[in-house]
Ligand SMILES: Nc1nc2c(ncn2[C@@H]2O[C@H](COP(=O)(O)OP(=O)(O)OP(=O)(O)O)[C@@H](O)[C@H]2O)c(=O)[nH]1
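In the form predicted on its own, a lone chain appears below as C-alpha cells.
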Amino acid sequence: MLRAALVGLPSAGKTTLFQLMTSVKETAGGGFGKTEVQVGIARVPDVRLDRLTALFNPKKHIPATVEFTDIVGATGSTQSLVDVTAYRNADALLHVVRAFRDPSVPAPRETIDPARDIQAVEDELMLADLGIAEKRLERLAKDLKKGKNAELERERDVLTACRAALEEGKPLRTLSLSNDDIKRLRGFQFLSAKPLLIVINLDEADLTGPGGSAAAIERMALAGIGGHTATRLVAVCAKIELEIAQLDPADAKSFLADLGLAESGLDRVIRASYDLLGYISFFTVGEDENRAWSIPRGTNAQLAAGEIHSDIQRGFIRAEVVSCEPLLQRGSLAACRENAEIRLEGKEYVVQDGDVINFRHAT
C-alpha cells in the first residue's frame, strides 16, 4: 500500500482535503496538546480502468489506491513531526498550503503568503532531520573510537554530507546518492528526503479566473517550485471541492464543465501523489474482476506477478501482454490476438504503464 501523509500550517484546509479524498468523517481531534492520527484510502482515478470495465462488464472493479494520513492537532512544529510515527512511515508528504483569502478563517500568521509558508514547513522538516543526523553522528564517533569499521565509516561520511546539506538549507531529497547510500539512510526515515507534493489551496476566483490556476501560481511566484527534485505542485480549491462532493456524478461533471475544469482537483492530487512516488499501473481483466495493480516503474514481469500472488511469481512461465489502447480499440482479447497484438514476454520484461497482462504459471 502506498502511503502519503498530509502536513501543513493551521487553517490551510489540510483536514478538509483529507476528508474529501478519503470520505473519512470528521473526528473530534486529539484535544489540547494532543494529536490524533486519521487514516483513509483514496482510489486512484484511471479512465483506462473505467473503459476496460465498460468493455468486460466484470463483477468487480478494483482501482489502485493510496493510503492518506492526516494528523489532527499537529502544528507543523519540529517536535510534532518527530513524534508522530505516521509522518516518518509515509512514502511521501503532501504539504497543503493556504492561498485562499477568507476573513472568517483567520490566517495564523496574519497574512496570506504561500511562498513563506512553504519555506517555513520545509525548514521544520530539515530541522527535524538535522537533529536525528547529529545524534547518530555523535554515536558513530564514539563507536569508531573503539576501532575501524568500513561500514560505519561510510555511514558517517554519508550522514556528514546530509548534515552539511541541511545546514545549508537544502532538503535531503535534492541530494544525489547511490543506491547503497540510500539503503544506509532508509532506517532514519528522514522527512526532507521524502518526495513532496505541494498542494496550493486557492480561492475560487484564482482557479476559474483568466489563466486559471497556472496564472495564479505565476502571480504567487511559485511556478518554479514543482520542478525541484522529487517535488511537484498542484492547485485545488477546497471550497469548490466541497460543492462537488455534494453533487451526483452527472451534476458534478456539468459543474466542472461550467467552471472550465476538465476534472476535480482531488483527482489531480490523488493521481499526482501516485505519480510522484514513481508508480505505474498494469491491469488484469476478465468476467470476475478488472483490477489495477500498483508497481514501481521499472518492475519486471516476474516481480509484477508477485503483486497478484506469490505462487504466481514462483511458478512464472510467461506473461501474455497487450497494451491497453489496442485492446480498447479492438474490443476484445480475441481480436487483439488475431492482429498479433498480444505478446509473450519472459520474466525480465519490464512492465509498462497501461499493460494488460495474463500470467501463465505452474501450479
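Quick caveat, the model's predicted, so the values are computed rather than measured. Residue indices: 1-based, along the sequence shown.
One more form of this protein, predicted together with the named molecule, exists but is not displayed; see below.
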{"query": "Distance check, S11 to the named molecule in the predicted complex, heavy atom within 4.5 Å", "finding": "yes"}
{"query": "F100: touches the named molecule in the predicted complex, heavy atom cutoff 4.5 angstroms", "finding": "yes"}
{"query": "Partner contact for A223 in the predicted complex: the named molecule, 4.5 angstroms, heavy atom", "finding": "no"}
{"query": "In the predicted complex, R139 touching the named molecule (heavy atom, 4.5 Å)", "finding": "no"}
{"query": "Listed residue that, although the named molecule is not shown, lies within 4.5 Å of it in the predicted complex (heavy atoms), from K239, R154, K170, R88", "finding": "K239"}
{"query": "Partner-contacting position among S273, N201, N290, S192 - heavy atom within 4.5 Å of the named molecule in the predicted complex", "finding": "N201"}
{"query": "Candidate stretches 129 to 137, 260 to 268, 212 to 220, 231 to 239, one within 4.5 Å of the named molecule in the predicted complex by heavy atom", "finding": "231 to 239"}
